[in-house]
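The chain below stands alone and is given in structure tokens; this is the form predicted on its own.
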């Protein structure tokens, strides 16, 4: 078989990349190693309205489980700060349905899909990647391609086979554990809820993402280094048992777990001759909350467009494909750098500091904080100069 582009991995990034390439007249093969697109999920399933609209997606009740109009941030003692603005609006999706629709869109644009098909090797052509070896249903075959795009998640075999350094130090990975639960109560189900505290989720956070119909994603993410003290599931179970006001009548209907990279993106290049990485494979994940759908979908659109342009010009060299990387680094990449600084800042806070934040910060302050703006620091430092040490670290990264 021979295609212009082979995309490995049919998650959001892979499906959007395949669709973007196919819409530009390329022949595209999309490979998915699992038996079902969308499962298993390792995600709280939230996406901002800005990210949803930027990806050109249409509102569809079949995969939008709940509309969100803000967020509530909880301190260790239970104080809350409400964020409610245009920028905090979004959706909690049903990923198992959403990703199938993304795959459908790619197919309708002209892409072909192979299920239970793993890329187990790369083909080379004059020193460039020229395709993949596919293993499917116990058989192997070679598939030639002008460009191979790795969208195969945080474990990206494509990146490693191409010689791209895709592993981070342990502290840059989050250990995540999540229940999908029925019966969560006494929370505003139009908002996502985030709890912070070193006894709740050390150097991480715990969440409730409502999905409507009395169902919510209830999960936790903590760095792998903290996992040596207590497993993520143990922190989550302890929190649930200590908060009967929310969970007394709740029980899980699904369990998910896995690792999430929180370094912002691969610091070295995620492009090679005839090959590009996109989405979680390039570690394009928000360093604060571990979410990646919005930036994954945006990166996929750039990736697909640049692939089509490069093939049209007959130049699939690393130098030509670097246009994709440069565009992403100048847009979402810059935002990720700011968020990585904020992550380091937050990881050094005590429970006392979290309580102070809950007392003096408004929802607008928190919104500016996650954008990487620094004015909110002045407000804190006037009343609590000891945070200067943390502020310096935030500003310097």
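Residue numbers count along the first chain shown, from 1. Fair warning: this is a prediction, and the values are worked out from it, not measured in the lab.
Heads up, the form predicted in complex with a small molecule isn't pictured, but that's what we're talking about next.
Contact check at 4.5 Å (heavy atoms) against the small molecule in the model of the complex: none of 4, 164 and 276 pass. The closest non-hydrogen atom of residue 32 lies within 4.5 Å of the small molecule in the model of the complex.
Though the partner is left out of this view, residue 87 does not reach within 4.5 Å of the small molecule in the model of the complex, counting heavy atoms only. The small molecule in the model of the complex comes within 4.5 Å of a heavy atom belonging to residue 155. Taking non-hydrogen atoms only, residue 325 never approaches the small molecule to within 4.5 angstroms in the model of the complex. Between 306-314, 194-202, 112-120, 70-78, the stretch whose residues reach within 4.5 angstroms of the small molecule in the model of the complex through a non-hydrogen atom is 112-120. This chain is displayed alone, yet in the model of the complex one of 222, 293, 129, 208 has a heavy atom within 4.5 Å of the small molecule; that residue is 293. Checking 65, 336, 26, 43 for any heavy atom within 4.5 Å of the small molecule in the model of the complex turns up a single hit: 43.
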